[in-house]
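Encoded as structure tokens, the following chain is the form predicted alone, with no partner shown.
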């Protein structure tokens, strides 16, 4: 009996070919757009994480416990040699690099600007950050103690270029002041205002000597095989390296604004899904009620000859089910096709900066089937469920009244 109802419902929906096609396309286009938006958001999320971790931060960092709270130059990493030795033997770590950070002022022949000067290991830094790749003029650090790389915005502010002389002045660990002259070896462009306007990069050894903390470091940036590991709170790395009064933190803790944006993306997608599926439900209910009113006489005859209320209700629900199947197929094909095309071409937003994250490259939607398959499934369930109310209404029709009414 049920199989006969399923086949009968399939034939019924094609009685009005135009309405079935229009309804299927309307729901399918909504589903396809939602799938594409989900893939785009996943691509944007991946871009945000990649930009945050690969540009400068790394997937994780190790500091003295209270260094990030004070940003003072005195709290350097405890037992740095032991920490570095542990990192060498840790299988979860791909690369790492040590740094020294300090507030300072930089002076050219025309301007004086506040900066954070950063001592970097020129040999290990390219494996973790994009500093070397970000150099757009001049050259990367070669190990010379007088070399400095500055951001392109800072270079414009200072009216300085490769080969020009600038002076860095910073407070030493013993409360004295230290000034050193540097030759601009390169100009870099990260796409971040903080790095391009307020940062200057010199060799690690030179920075330690200048601050009076030779052999000490403030920060170790770590690269994992997968960036997602930086957000894995169960990773043993955090426990192993939060020792000797030091703390190991992942990128979600180092850049909480990024985590907040990722949460907003999930909330936005949930809101969009609720709105879309709400429209789907109302659209299907409206379409099925139109079908019920067109077949009032037919339902009246069926009731008159003894057809059960549940049978009529089931028939209308099965009609909704077939419309749901058609819509899910159309929507999935449209959504996957658009995602496949744009994942090859990318979508450019120009150059915008949101919470320190720069979108200056095309965003490539990600085809994550484990998430995308949920939307066709929800469409199938909700569209089928939308047929329950019209089905109950059709099942409760009075035979005499229904046979007198016909469109």
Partner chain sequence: MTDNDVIVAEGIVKTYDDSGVPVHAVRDIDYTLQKGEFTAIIGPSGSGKTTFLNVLAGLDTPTEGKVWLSGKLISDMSGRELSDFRRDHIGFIFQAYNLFPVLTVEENVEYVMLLQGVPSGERHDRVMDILEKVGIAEYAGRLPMQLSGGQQQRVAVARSMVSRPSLVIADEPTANLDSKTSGALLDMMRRLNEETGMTFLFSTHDEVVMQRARKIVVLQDGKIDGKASPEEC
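Positions refer to the first chain, counted from 1. Nothing here was measured: the structure is a model prediction, and the numbers come from that model.
Although it is not shown, the form predicted in complex with its partner chain is what the next lines describe.
- Every residue of the trio 308, 399 and 403 has some heavy atom no more than 4.5 Å from its partner chain in the model of the complex.
- In the model of the complex, none of the heavy atoms of residue 181 sits within 4.5 Å of a heavy atom of its partner chain.
- With a 4.5 Å cutoff on heavy atoms, residue 298 counts as touching its partner chain in the model of the complex.
- Although the partner is absent from this view, residue 12 contacts its partner chain in the model of the complex, with a non-hydrogen atom inside 4.5 angstroms.
- Within this chain, residue 173 is remote from the site of its partner chain in the model of the complex, having no heavy atom within 4.5 Å.
- When its partner chain is considered in the model of the complex, only one residue from 302, 273, 130, 255 comes within 4.5 Å through any heavy atom, namely 302.
- Annotated contact segment (heavy atom within 4.5 Å of its partner chain in the model of the complex): 290-298, selected among 130-138, 88-96, 290-298, 264-272.
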